[in-house]
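Next up is one chain by itself, shown in structure tokens, the form predicted alone.
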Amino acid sequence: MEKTWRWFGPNDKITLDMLRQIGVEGIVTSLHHLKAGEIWTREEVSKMRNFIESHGLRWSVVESLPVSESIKYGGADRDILIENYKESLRNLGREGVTTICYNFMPVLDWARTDLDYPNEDGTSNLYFNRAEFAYFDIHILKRDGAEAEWDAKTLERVELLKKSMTKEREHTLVENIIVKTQCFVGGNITDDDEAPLTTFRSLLALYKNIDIETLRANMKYFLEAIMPICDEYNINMCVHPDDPPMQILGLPRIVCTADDIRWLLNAVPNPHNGLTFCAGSLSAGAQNDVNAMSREFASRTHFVHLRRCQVMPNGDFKEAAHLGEGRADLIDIVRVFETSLRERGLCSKALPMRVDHAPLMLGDEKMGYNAGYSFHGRMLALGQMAGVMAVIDREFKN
């Protein structure tokens, strides 16, 4: 697979020169200065592509070309926004950037309660504390009907949390759940939003009457509208699984399980409608057999995220070491995708891969990197996965 790296543009503290030195081959990025719904002009796309190529790298994947909320919930302006999206796709295709990672998650792009949960070895990872998230939902967000959507054991933990919860920790939960994990990915909340909870409640209200079937219908409508452009420019659309893969905050989420992915791929059977196989997001769901899913969906996978999670008996989960404990066997997953490429007669570089959500280590925590996107932690993970790929490549040659 092609070794890629998520890079957040010219203002990223991790430079393209640094990435070239550590063996990165392709860049995964977006036009972060543009808001969801704006047309990506050919001039803007070309400017970014040329900048990346001037550093000896290539723009391998767009992550992401955001899908506006109105497209997801079926607002009055969704057809206008879909036309804008199609024009952005055309301009990307004209510049030869043809792998597009996107998601169809309402409101929240991803969710964690802790951004630097300590590990025994002195590193730290992202962590999802189910009880703290439920506390946020019930007692901070104060969402109507929230308590009825949580199981009894989680509610017991919430009651214990109430006894020790502080205003400072409540503020941190708001920051972690709806600000720090969202602002740098073109999310709905910005880091200078003075009333993030008010903004967040107004976004949730947009989905008041949207259930799973309605969201599925809206996704199918969107994909069918853009497939002719994908056919014309050979663009692969690869949806990212929901993170975490569970229903949260009363929102419908439709890319959580193997059944969800089967529905998506069958609803729009065009081969350009495919998957970002994020082993990390999928492994956060105890219901998912991630390795079996990699085998089933390999032929419709256009982009791979190599990471994995460790799920606790109480429903909490944390990012796990790439070669340590975790619910997915990344060595087996690499072998699955490398085998699939060869069986389909494709070049081994035809499938971009990036490591993801690696630990903070060796001073990463002092650098102000975006949550989940350390330098040293990801460099370690990239080295590990590059070694795995090298061994598997040798197996094929022998």
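One-based numbering along the sequence shown. Since the model is a prediction, treat every value here as computed from it, not as a measurement.
From this point on, the text means the form predicted in complex with a small molecule, which you will not see here.
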Counting non-hydrogen atoms within 4.5 angstroms of the small molecule in the predicted complex, say which of F337, W40, Y373, W59 makes the cut.
-> Y373
Which listed residue (S124, N103, T99, S294) meets the criterion of a heavy atom within 4.5 Å of the small molecule in the predicted complex?
-> N103
Exercise: T29 in contact with the small molecule in the predicted complex, heavy atom 4.5 Å = no
Is D116 close enough to touch the small molecule in the predicted complex, meaning at least one heavy atom pair within 4.5 Å?
-> no
How about R253: is it within 4.5 Å of the small molecule in the predicted complex, going by heavy atoms?
-> no
Can you check whether D109 is within 4.5 Å of the small molecule in the predicted complex, heavy atom basis?
-> yes
Interface segment, criterion being heavy atoms within 4.5 Å of the small molecule in the predicted complex, picked from 338-346, 352-360, 43-51, 325-333 | 352-360
